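We begin with a single chain expressed as structure tokens, specifically the form predicted on its own.
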């Protein structure tokens, strides 16, 4: 590439090599089997984890993904939560991002979201210069009665987002009835006033009825790391579940349907093969 110094090229080669050594996004069956093994049936006085997906308005959420390459899963899950809050009075979802992180995280794709019940016209995208402006925009949008949810997608862990700031966002969200979502990446956790904290991983989609080799709807492996909406939700901490994101909302998936070998694709023929006719006779007959 013209204009790149030799040390820049070498650094780029090392980064690409490191990426290629990583496992596939859907480590899939092994990951699901390992983490679903921690889940236990909901007992008396314990909230069903699926009920937490319909959290009330005015809640501060944290949505974590282990790596930035899972940002699509984290954002898809968050939009699935936020779209439930849309009403005739609250018709907008504000998505905020730092300008310097757009290349790392990407942006929501309107045409793709439409098939999952999210109208791209209801998503307002804001790219701001720094954390001070982003936090100001969050607080102002939370106070707006026409906004259903505010999403802040942050590639890093800024020092400006400390416990005091999260407490202020949580109180403001509760007072205005507007939910706020902080998208974070990595395995580090700081003290936060968020009422719910989710850990999201992409999972292998289920089979389609008429083509078992085609991808099904987006599927997430969800772990509830924190629940502060009462004793019942606190009892759900540490539990995991599999859900699909459909045009009608989230749908729970039985893990037994997911854990297993993916369907095998037939080997391509070594030479051209004439297609069979309706009566299964070849064209040459």
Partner chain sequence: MRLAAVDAAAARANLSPGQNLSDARALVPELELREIDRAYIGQVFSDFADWHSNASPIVAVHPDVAPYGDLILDITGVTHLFGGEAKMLALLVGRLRALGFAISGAIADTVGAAWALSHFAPNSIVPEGGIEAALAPLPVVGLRLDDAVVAGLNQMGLKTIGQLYGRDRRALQARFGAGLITRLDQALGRIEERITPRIPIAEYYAERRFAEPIGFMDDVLMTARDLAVQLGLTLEAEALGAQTFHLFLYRVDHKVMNLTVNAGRATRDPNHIAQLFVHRSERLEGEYDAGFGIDMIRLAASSVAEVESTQLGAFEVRDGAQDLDRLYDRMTSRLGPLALVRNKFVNSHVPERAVKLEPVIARTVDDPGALPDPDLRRPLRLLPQPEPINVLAEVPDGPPMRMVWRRIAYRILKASGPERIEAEWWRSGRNLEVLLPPQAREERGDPRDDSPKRKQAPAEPEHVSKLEAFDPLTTVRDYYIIEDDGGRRFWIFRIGLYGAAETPRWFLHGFFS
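Residue numbers count along the first chain shown, from 1. Everything numeric here is computed off the predicted structure, so don't read it as measured data.
We do not show the form predicted in complex with the partner chain, though everything after this point is about it.
Q: Have a look at 144, 193, 86, 171 for me and say which one sits with a heavy atom within 4.5 Å of the partner chain in the model of the complex.
A: None of the other options qualify; the answer is 144.
Q: Though only this chain appears here, would residue 109 touch the partner chain in the model of the complex if you measure heavy atom gaps against 4.5 Å?
A: Residue 109: contacts the partner chain in the model of the complex.
Q: Taking the partner chain as it sits in the model of the complex, is residue 228 near enough to touch it, meaning that at least one heavy atom pair lies within 4.5 angstroms?
A: No.
Q: Within 4.5 Å, heavy atoms only: does residue 159 come near the partner chain in the model of the complex?
A: Judged by the heavy-atom cut-off of 4.5 Å, residue 159 is well away from the partner chain in the model of the complex.
Q: Within a 4.5 Å heavy atom cut-off, is residue 214 in contact with the partner chain in the model of the complex?
A: Because a heavy atom of residue 214 falls inside 4.5 Å of the partner chain in the model of the complex, the answer is yes.
Q: Answer yes or no: in the model of the complex, does the partner chain come within 4.5 Å of a heavy atom in every one of 155, 165 and 252?
A: No, because 155, 165 and 252 lack any heavy atom that approaches the partner chain to within 4.5 Å in the model of the complex.
Q: If you look in the model of the complex, which residues in 69-96 sit within 4.5 Å of the partner chain (heavy atoms)?
A: Counting only heavy atoms within 4.5 Å of the partner chain in the model of the complex, the contacting residues of 69-96 are 69, 70, 71, 72, 73, 75, 76, 79, 88, 89, 91, 92, 94, 95.
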